[in-house]
Structure formats: C-alpha cells, structure tokens
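In the block that follows, a single chain appears as structure tokens, in the form predicted on its own.
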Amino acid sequence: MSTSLMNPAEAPLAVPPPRKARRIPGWAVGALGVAGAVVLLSTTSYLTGVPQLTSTGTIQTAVRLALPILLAALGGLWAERAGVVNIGLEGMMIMGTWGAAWAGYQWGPWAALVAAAVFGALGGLLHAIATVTFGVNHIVSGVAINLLGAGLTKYLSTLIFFPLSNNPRESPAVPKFDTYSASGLSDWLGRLEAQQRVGLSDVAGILRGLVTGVSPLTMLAILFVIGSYLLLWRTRFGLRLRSCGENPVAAESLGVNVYLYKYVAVIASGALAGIGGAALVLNPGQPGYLEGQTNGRGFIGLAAMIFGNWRPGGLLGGAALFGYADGLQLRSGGKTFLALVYGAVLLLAVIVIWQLVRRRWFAAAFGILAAGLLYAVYYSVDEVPSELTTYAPHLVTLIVLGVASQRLRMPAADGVVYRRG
C-alpha cells in the first residue's frame, strides 16, 4: 500500500527521544558531602566516647592547618588547568615562607603576604620559562624548582636571619594577624557544645570552630577559591585559559595566545603557593620561618587538587580532609586518631552497602576486607603510636587518592609540551 493511501490510524507513532538523567548540581553534591561528614563524625564521636573529634579546638586547628594545603592546591589548579603540571609547588611554598618572614618581621603581616606572593611568583616564572618557552619536561622542571627553593632559602636565611636570631634555620619572631570571632553566636554555640547532646553538640562544636578566632588570611583564602571559580569558569579569560589545557592547538587556531595564558597561569600558581607558605609563617603556633616548615604540604596540596578533580569546590573538600587529619593528630594524639579509624570502618560499611545495591561484587568484597582489617586494628590496640600519627596526613593522602583515582578527569593536554605552530 502506498504511503498516500495509508490510514492515519495505522501510521507509525513517533518515538520520543530518551530523556537524559538530570545531573545533581555541584553545590548540592558539596552540601550532601558536608552533611554526610558531620553525621559520620557525630556517630563516631558518640560510639567511641571521644568528643574531641568535633570539638571547637580541633576544628580551629584543622582550619589553620588546611589553609596552606588549600592555597597550594589552588595554585596547582591554575597551572594544570592551563596544561602545565606544577609539582614545584613545594619549592614555591618554601620560597614564600622565607619571603613572608623577611618582610613580616620588618613591616607586619600584610607585607608578609605580599612578599610571599612575589617570591612564589618568581618560582612560578622560572617554571614557566623552563616549561613553556624552552619545552623542558614539566616533572624535571618542578623537581628543580623544589631543590632550588630549599637551597636558596637555606642560603638566604644563613645570610640574613643568622645575625638577627643567632640561628641560621629560623627567623626572628613575625607579627601575626589579629583574629575575629562572632562573639554572640560563638558563646551560644559554646553552651550547646558543653551540653554534650548527641548530634546537636557536635554540630555546635564544628560551627563554633569555624566562627571563633578567624584570621583575615582564612577569609582571603575563601575569597580566592570563589574568585578562582568565577574567573576560570564564568569569564572569557577563564575559558581561553582552560582551552590551553584541553587543546592548545585548537586554541591557537582560534587566536588565543597560548604562551601568554600559560605564563599567567603558572605565575599565579606560584603566587598562590607562596601565600600558602605565608600561612605557615603567620600561624599563631609558629614564631616565624623555620627550615623544613612546609613538611611536604606542597605535595599534599597537589593531592588535594587531584582529589577535587581539578575543581575549586572539590579541592576545598580535599584540603579540609587533610587539614582535619593533621589537626586531629596534632591536638588530640593517638587515642583520638584511633577513633577516626573506627569512623573509617563505618564509612566503609556504607560504601559496601552501596556497592552491593549496585551489584558490584568485587568492590563490595574489597570494602569488606578493608573494613575488617581496620576494625581489627581498632580492636587490638588502645592508642595509635605517635610515630604513625605524625604521618596521618600523608597516609590519608595515599588512601584518598587510591579510592578516588577511578573517577578523575585531568585536563586533556595537562603535562604535554606545547610548541607554537
């Protein structure tokens, strides 16, 4: 039968295209993650009888220790979004610590921040010259920056700080920022925390730690995170910079000055890492510059950036996690860190249930094995030795990267040596 004589009732019905599943917004994922972390810590604190997990002091210490990691991670984000791997963050942080101490003890904390940014930016400029202009392998250049930062600051501190402090490994005392608190809110949260109510007091302790004794540098770091997101994801400049990290050849064909954008990104990366070094010098618990002060935090910042999937919000969560682990072992010791191991068992139990629902049998079996091993550790010892708790951030870094590595997407041209034309 011809198409023209076909009965309309017999005509084939048009099949609508399948509807795409709606993605959960990033802010909603972050909010759910924060809520889940609070529930996990509250449950762990109740079951183990260790209130220090959510105490005000622990959270305050965690915030101070997360700052340098956050700023280093943000520096890594800028460089790698433009296609330049920056493992020289550690060296740039070291240069920033020395610059902050040199300017800070003479002119105060704001001068320390400016000097740290300048010294870190100089390290970033060297890295950009080597990788962008001369095409040096990014890893080789980063290692060289780390060695140069350590050697240069050692020489400069012997030359300048030794006559002032009689110690070539430390600077004179550096003035710190004044801190600010939401006094009325902080007092009310303190009373709630003291009541030791399950869940409510835990939330009160966490919030009180976030609004008490806040440094201007903390507020500045949060502004850097928000500003980086808006600049890199909501402007033409950011689109062009990210295109250099995804496909620099296509970006060049559209008129983007790839070399210029890479230079800007790597110099900004160094400046942010340098300010991260200043956060260590301006920490109230530190007198000033100390040799070896960074203690690998540049590398931990790089891990936080990878954990955050090269996104500002994600790296903020990674820095918070590593800072919390560091602050917990520093303030509360091995017994409290052992309670955190119990919390990891609870988290693994939730992950196992989720994997069973999704019928991923191998992943579920691996989770059961890991949870069993951790619970055996928790049950068999009374306190984690101090030799292990000292390396808590590094251990957390390895575990988190191992778990999160399957869902990461780095910029397509990250680490690729680009030559114009």
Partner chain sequence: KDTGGTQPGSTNTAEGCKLADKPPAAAATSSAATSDEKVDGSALKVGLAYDIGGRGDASFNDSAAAGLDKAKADFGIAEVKELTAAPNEPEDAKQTRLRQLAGEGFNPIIGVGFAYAESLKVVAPEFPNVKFAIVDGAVEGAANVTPLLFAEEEGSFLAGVIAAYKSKSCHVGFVGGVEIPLIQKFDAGYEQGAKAAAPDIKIEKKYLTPAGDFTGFQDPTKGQEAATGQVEAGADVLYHAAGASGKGVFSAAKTGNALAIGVDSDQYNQKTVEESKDVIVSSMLKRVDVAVYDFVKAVAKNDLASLPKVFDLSVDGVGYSTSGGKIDENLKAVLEGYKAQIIAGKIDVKDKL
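Residue numbers count along the first chain shown, from 1. Being a predicted model, the structure only gives us computed values, none of them experimental.
The same protein has a further form, the form predicted in complex with its partner chain, not shown here; the description that follows concerns it.
No residue of the trio Arg191, Thr336 and Tyr378 has any heavy atom within 4.5 Å of its partner chain in the predicted bound form.
In the predicted bound form, none of the heavy atoms of Val225 sits within 4.5 Å of a heavy atom of its partner chain. Under a 4.5 angstroms non-hydrogen atom cutoff, its partner chain in the predicted bound form lacks Thr43 among its neighbouring residues. Proximity of Asn283 to its partner chain in the predicted bound form falls within the 4.5 Å heavy atom cutoff. Leu164 belongs to the set of residues with a heavy atom inside 4.5 Å of its partner chain in the predicted bound form. The partner is absent here; in the predicted bound form, the one residue of Gly313, Pro216, Gly108, Pro168 having a heavy atom within 4.5 Å of its partner chain is Pro168. Looking at 100 to 108, 339 to 347, 264 to 272, 292 to 300, the stretch with residues near its partner chain in the predicted bound form, meaning non-hydrogen atoms within 4.5 angstroms, turns out to be 292 to 300.
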